[in-house]
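Take a look at this single chain, the form predicted on its own, given in structure tokens.
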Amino acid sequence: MSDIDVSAADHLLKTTKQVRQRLDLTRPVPAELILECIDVASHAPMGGNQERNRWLVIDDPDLKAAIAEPYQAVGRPYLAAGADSTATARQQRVVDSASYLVEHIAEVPTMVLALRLDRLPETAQNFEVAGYHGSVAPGVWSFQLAARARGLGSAWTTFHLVHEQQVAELLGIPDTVTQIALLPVAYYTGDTFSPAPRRPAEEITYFNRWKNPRS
């Protein structure tokens, strides 16, 4: 028998969201709590079981402000383009939420930068790209789950990657290291989160052949 409380595990998985607005911008996040989350994240699957992932925690106000400049330079026009009359109410809520984070990104108590040693060659094939990022993404998601369990909200963001070299120089990151995602981390406000509306598995799952339903 499994020693996992399935209902509790499912609740954690279904209610860990990309938190952009419900972040407490006034309450510091202890470094020890971030390290706990990274310890959990380090147990995520990774290609070849090679520990090539690294984490950079940024809580210095000046550094956060400096990172916010290129982040906002990309995020503001990108989100402005997405806020049009054709957006559904659900899409507009995401745009509004992301826009709020863009405007307040420098105020989040902690930024966590997920990194991977080495860089993919420009000629990398799809299987190489999938394996490379597939060795990092599970760890980032595990970090977010661990954070959620500790009352912290986070969001996977990538706007700063347009200016990756600028951020690398700012933080002293070598050219041989790849930045994967920037996570703003803070205690979340409110009581809890409800599962997001999603299509049922039967509508998005095929068996044996493309678009073949279960027999």
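This is a predicted model, so every value here is computed, not measured. Sequential numbering from 1, following the sequence displayed.
Quick note: we don't show the form predicted in complex with a small molecule, though the next part is all about it.
Novice: Within 4.5 Å of the small molecule in the model of the complex: all of Arg54, Ala114 and Thr178, by heavy atom?
Specialist: Looking in the model of the complex, the three residues Arg54, Ala114 and Thr178 all stay beyond 4.5 Å of the small molecule (heavy atoms).
Novice: Only one of Thr158, Gln165, Thr26, Gln50 comes within 4.5 Å of the small molecule in the model of the complex by heavy atoms, so just point that one out.
Specialist: In short, Thr158.
Novice: Quick check on this chain: which one of Ala106, Ala73, Val94, Leu145 has a heavy atom within 4.5 Å of the small molecule in the model of the complex?
Specialist: It is Val94.
Novice: Given that the small molecule is not shown alongside this chain, does Gln18 nevertheless sit within 4.5 Å of it in the model of the complex, heavy atom to heavy atom?
Specialist: Gln18 belongs to the contact set for the small molecule.
Novice: Counting only non-hydrogen atoms and a 4.5 angstroms cut-off, does Arg198 reach the small molecule in the model of the complex?
Specialist: Answer yes; at least one heavy atom of Arg198 falls within 4.5 Å of the small molecule in the model of the complex.
Novice: Would Val136 show up as a contact with the small molecule in the model of the complex if we use heavy atoms at 4.5 Å?
Specialist: Output for Val136 is no: heavy atoms all beyond 4.5 Å of the small molecule.
Novice: Can you pick the stretch from 42-50, 149-157, 166-174, 58-66 whose heavy atoms fall within 4.5 Å of the small molecule in the model of the complex?
Specialist: Comparing against the small molecule in the model of the complex, the contact stretch is 149-157.
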